[in-house]
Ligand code: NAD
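Have a look below at one chain only, the form predicted on its own, in structure tokens format.
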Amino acid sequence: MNTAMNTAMNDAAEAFRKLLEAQFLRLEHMNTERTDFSRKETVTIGIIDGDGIGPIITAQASRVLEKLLADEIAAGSIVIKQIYGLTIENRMACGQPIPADVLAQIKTCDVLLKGPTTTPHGGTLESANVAMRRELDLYANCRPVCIPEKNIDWMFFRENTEGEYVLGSHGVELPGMAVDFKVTTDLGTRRIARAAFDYAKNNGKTHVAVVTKANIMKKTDGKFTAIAHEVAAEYPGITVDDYYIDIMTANLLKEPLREQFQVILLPNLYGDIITDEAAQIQGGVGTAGSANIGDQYAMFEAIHGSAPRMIQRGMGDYANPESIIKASAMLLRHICRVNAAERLEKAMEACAVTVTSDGAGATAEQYADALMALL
């Protein structure tokens, strides 16, 4: 082995050592006290526009929230705060996934409603979402998919701060080779598993599917599966089955088998992929909301991206706001405004206005107008 290769390997080993140190440090800061929104006198909701179609759809969701919470906003028990600067232009200029001044503003809020943000292909700028989940320790990504006419009622619990994503921007390149990393911790897995089983217990669900690739990723996914079963033992009456991610993607399309699934627990990458598939079954990624929940903070967003092609075609006004408005309903439930959430969900079910990205349907604003008329 030549000198250059030895040097590259030593550099890679040193980079990996630093990554491991950072992960042990992350573990030390995982335990925090959970916010009780039923007792909180003032709740601050931060609104982040994002990139591309983000400002268009987020504006409509913000209008809906302001209407639903008008009395509390007037009384001061709800504060809606606009946060600026989480744009691709500002992030690129600062060289930070979340500029420090923006992060400081974010941390003054209790919950966030966030539009989609753009992540550049290649380069070293980390995803704003990945950085947000890490900085706020938003470990549980919760994505519901419900299609009553097809007997589908799924809730996905995706681990949100580990797996490939936490280290995906910190891999190493050697001559003729590139290596990325994946991490699974006991505490990180245990808390997402407990969140999934708590949800099942509290919502009358009797089945949890644990989805991994433990036959190949034996250390990381093997640990995830083992700990999920340890947690499951604390919840009598809830059955657990293991599935590999490849067959699970097929099972979600298989009738009537898919009707048996209720709560689905997955590591980070698999959860990202399969929830997009599930949303497509529901009617498209524009129809699904997403919650990113930690013990102190929570962020709610659409599951789709910033759709730069729609902006380039001049069709941004026709972006579907349903996904982020559904995320708004999840936000309302999280802060214990259940009545407002139910009003919104019923209005969305009753709303006959259709938004299509080709411009044949209503605009995002027209959809919100029709929805607000039903509230």
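Each residue number is its position in the shown sequence, starting from 1. Remember, it's a predicted structure, so these values are computed and weren't measured experimentally.
Keep in mind that the form predicted together with the named molecule is missing from the display, and what follows is about it.
Colleague: Considering only heavy atoms, tell me if Ser306 and the named molecule come within 4.5 Å of each other in the predicted bound form.
Modeller: Because a heavy atom of Ser306 falls inside 4.5 Å of the named molecule in the predicted bound form, the answer is yes.
Colleague: Using heavy atoms and a 4.5 Å limit, would one call Glu301 a contact residue for the named molecule in the predicted bound form?
Modeller: Close contact exists here: in the predicted bound form, Glu301 approaches the named molecule to within 4.5 Å, heavy atoms only.
Colleague: Is there a heavy atom of Asn160 no more than 4.5 Å from a heavy atom of the named molecule in the predicted bound form?
Modeller: No, Asn160 sits far enough from the named molecule in the predicted bound form that none of its heavy atoms falls within 4.5 Å.
Colleague: When the contact criterion is heavy atoms within 4.5 Å, does Ser357 count as touching the named molecule in the predicted bound form?
Modeller: Because a heavy atom of Ser357 falls inside 4.5 Å of the named molecule in the predicted bound form, the answer is yes.
Colleague: Among Ala327, Ile53, Ile48, Leu344, which has any heavy atom within 4.5 Å of the named molecule in the predicted bound form?
Modeller: The residue in contact is Ile53.
Colleague: Counting non-hydrogen atoms within 4.5 angstroms of the named molecule in the predicted bound form, say which of Met132, Val285, Ile293, Ala195 makes the cut.
Modeller: None of the other options qualify; the answer is Val285.
Colleague: Within 4.5 Å, heavy atoms only, one stretch in 203-211, 147-155, 77-85, 109-117 touches the named molecule in the predicted bound form. Which?
Modeller: Heavy atoms within 4.5 Å of the named molecule in the predicted bound form occur in 109-117.
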